[in-house]
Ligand code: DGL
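One chain comes next, on its own, written out as structure tokens in the form predicted alone.
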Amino acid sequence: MKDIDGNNSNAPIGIFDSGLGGLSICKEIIKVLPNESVIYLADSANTPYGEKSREDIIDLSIKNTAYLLELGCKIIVVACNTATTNAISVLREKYDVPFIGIEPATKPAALQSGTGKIGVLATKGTLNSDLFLTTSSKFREQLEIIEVEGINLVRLIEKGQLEETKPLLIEYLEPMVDKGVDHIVLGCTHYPFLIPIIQELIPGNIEIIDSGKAVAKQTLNVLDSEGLLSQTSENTKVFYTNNNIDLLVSFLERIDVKSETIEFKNF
């Protein structure tokens, strides 16, 4: 499983997440890399990763990666903050393919902040990870970071119950707003689906930051540097889930992914 044909530039990009949240990343990758084939793996049966032990997160990440490599993927995008911050170093040691990871966009928020205060809304698994603690510690001398765990947000999003998150968001965002943050970092790929609701609940001067565009750009850069950019405009988009395919389809409609070349499969 460690080897992959590095010359197979027309092989698909593999993307996995603990469920549907990584579709927010997938959307940006499809936009930036329209000629690439994509295989997306939604491990919704095991969501949320943020409440699991590091060992379990690593095991699930290895399982997902192995499955995508069996399907011939040339690069793996770990479209889950919790999986990235807890498992990506293990994945990079185990497999000889490029990996793209995701972590809360603390750096751009810190560099852009005028008030010296930013908020981070993330899962417990991300906030407690060594990678997040290392990254955020670089900025704690120059600004205040208000961290809030988004308890139960992922569960509701995975059920398609976005409006039901509003009472929780009010509770989670209030301490950030009260502290005077001017940026709120969404530290989970599920949370961009809540941006319209979040915008209703916070002052208009607060900027919301997620990692989607940066991850898509990094994927482009890595494929280019490795000589793995697709050489054809013929491509497919295949989405796997181990839960509810109808819910997956409804989320793809939310991100306006065209369905002409899409296949849906269970795994």
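Residue positions are given as counts along the sequence shown, with the first one as 1. Keep in mind the model is a prediction, meaning the values are calculated, not measured.
Another form exists, predicted together with D-glutamic acid (DGL); not displayed. Remarks below refer to it.
- Among heavy atoms of residue 181, none comes within 4.5 Å of D-glutamic acid (DGL) in the predicted complex.
- For the chain shown alone, residue 48 is a contact residue for D-glutamic acid (DGL) in the predicted complex, at least one non-hydrogen atom being within 4.5 angstroms.
- Although the partner is absent here, residue 154 is a contact residue: one of its heavy atoms lies within 4.5 angstroms of D-glutamic acid (DGL) in the predicted complex.
- Although the partner is absent here, residue 185 lies well away from D-glutamic acid (DGL) in the predicted complex, with no heavy atom inside 4.5 Å.
- In plain terms, the part of the chain that comes close to D-glutamic acid (DGL) in the predicted complex, with a heavy atom within 4.5 Å, is 78-86 out of 140-148, 108-116, 78-86, 165-173.
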